[in-house]
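Two separate entries follow, structure 1 and structure 2, each one form of the same protein chain as structure tokens.
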Structure 1
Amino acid sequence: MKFKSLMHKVMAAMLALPLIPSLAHAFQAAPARRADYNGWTPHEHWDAVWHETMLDITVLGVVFAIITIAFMVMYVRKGHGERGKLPSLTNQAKIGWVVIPCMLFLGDDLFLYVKGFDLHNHYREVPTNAVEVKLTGSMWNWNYVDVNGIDSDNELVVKQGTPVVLRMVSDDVLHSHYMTRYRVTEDLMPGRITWQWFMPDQLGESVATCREYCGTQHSGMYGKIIVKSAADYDAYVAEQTASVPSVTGVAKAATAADQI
């Protein structure tokens, strides 16, 4: 009697085993990583979590498919009168076949959740040295105005290594600003301001597309994000601000700031 109830407790405790790795991960990794996220940019962090998630589901899928295929091959009907022989389950087994798989699923869910939580915070905590750019979407155009008052359509030039935060609003319908290289999407809408930030870490160009359906030319609504080195960037700013009458530039930047 005593021994049996002890056994039950041990078994109950074992049910919680799958939860341990994820909880351990949550407690041990979180504070350290939040400080610097291993020096990752959000999009590198994204790639890492993506690969882990892919590995996770691939393993699950392959194991599950192999078991199913094995059953499907092993248990083909032989004689005409053959019937299935699924063993009938005791009540404990019935409950066990619910609780144990659920704990395993929950363990995997928590494991992924913790990683997703970390990554989420990485995306949603803007570095203090980020520079602001105002982005207005309209059918079918991206308009960027940066702190220097440089106002350009479908082209944003940024400095390598300085994080950029986009404050976004739409003039008409919904749009969604997705930067292919930086793996970040956020909707633009009238009446609300939304934001996203990214770290331009490599020189060169990448594409920004619209990811919320906005009518006839939805697929024609895209721009370029151009990353320049510090020296090139300064030269670019000097050139642009010289050619643009500075009053309008300042006025535009001021309106941008007002609306934010």
Structure 2
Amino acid sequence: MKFKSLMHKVMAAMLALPLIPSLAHAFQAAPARRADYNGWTPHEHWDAVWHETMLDITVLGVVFAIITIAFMVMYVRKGHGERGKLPSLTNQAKIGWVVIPCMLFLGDDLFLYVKGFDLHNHYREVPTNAVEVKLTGSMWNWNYVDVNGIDSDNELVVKQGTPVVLRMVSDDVLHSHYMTRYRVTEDLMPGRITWQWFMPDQLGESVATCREYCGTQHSGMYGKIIVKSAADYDAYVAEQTASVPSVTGVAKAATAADQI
């Protein structure tokens, strides 16, 4: 009995071995501290996790296909009326054929889970130097107000390399602000402030759409995220605020900050 008990413990430890390297590798790959994220943006992180997941699914699919084809060839019926016979397996073999594949799959699942959890944390840790923008969603419009007091509909202009956090609220129904390039989406709700952040690392335009069905013109609810260089952004701010008295601009920014 003692020998059997010892063997069971040894088998359990061996079955757990595939989990150890998977978890260790995943945690080692995750940065322990990300003040500036070392230039690794959340959307690049998302792409890395997506590619890892697709690679794992592809490998597993190919392995299953090969095994299935091999079994079809090995155990094809040789003649009419032939009936197969079950192999004789010991209890240990039966347990092994069930538990070992399950543990291998679980090891891969835990590996991807840790990767996904680290990605979630990356999206929820806002850099300290992020600039805040107030976003109000309504049927069917995105309204942005930045710290300079610039109020615009369906168009947000930001500076390249400076993280942006959106403080969001809805005037009417549920909306979902989805920025395609930055792989991030978050719901807007009446009476509740939600938020999302992104890193505008590339110059140019990208699309912001609504991913929550919000009415008959839902498909037309989209805007533009425009990323400018530091010099172009400063010129844009100067142009937008030139015709507005400085007191008004400060008041708008203060009001937006209070409401955020």
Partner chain sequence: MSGFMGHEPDGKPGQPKTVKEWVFTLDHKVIGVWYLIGSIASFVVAGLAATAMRIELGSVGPDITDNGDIYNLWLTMHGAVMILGFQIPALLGFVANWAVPIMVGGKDMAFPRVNAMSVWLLWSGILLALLNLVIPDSYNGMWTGYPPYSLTDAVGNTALYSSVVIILGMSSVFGAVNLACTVAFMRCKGMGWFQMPLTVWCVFTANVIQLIFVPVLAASVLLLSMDKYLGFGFYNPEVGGDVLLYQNLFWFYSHPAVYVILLPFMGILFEIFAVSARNDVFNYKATVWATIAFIPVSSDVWVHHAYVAGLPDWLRLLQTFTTLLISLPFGLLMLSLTGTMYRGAIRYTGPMWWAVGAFFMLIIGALTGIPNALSAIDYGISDSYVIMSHFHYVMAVSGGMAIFAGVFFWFPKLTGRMCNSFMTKLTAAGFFIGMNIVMGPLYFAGMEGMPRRYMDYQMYADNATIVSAQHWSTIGIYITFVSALLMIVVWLHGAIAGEKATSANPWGSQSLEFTATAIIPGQGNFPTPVSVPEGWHPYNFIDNPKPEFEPHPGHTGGHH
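Because the structure is a prediction, the values reported are computed rather than measured. By convention here, residues take numbers in order along the sequence of structure 1, the first being 1. We call the rigid core the largest set of C-alpha positions that still match within 1.5 Å between the two forms.
Structure 1, not structure 2, is the form predicted in complex with the partner chain. Core-superposed comparison between the two structures: the C-alpha position of T68 differs by no less than 2 Å. On a core-based overlay, L86 has a Cα shift of 3.8 Å between the two structures. Once the rigid core is matched between the two structures, the CA atom of R77 is found 4.8 Å away.
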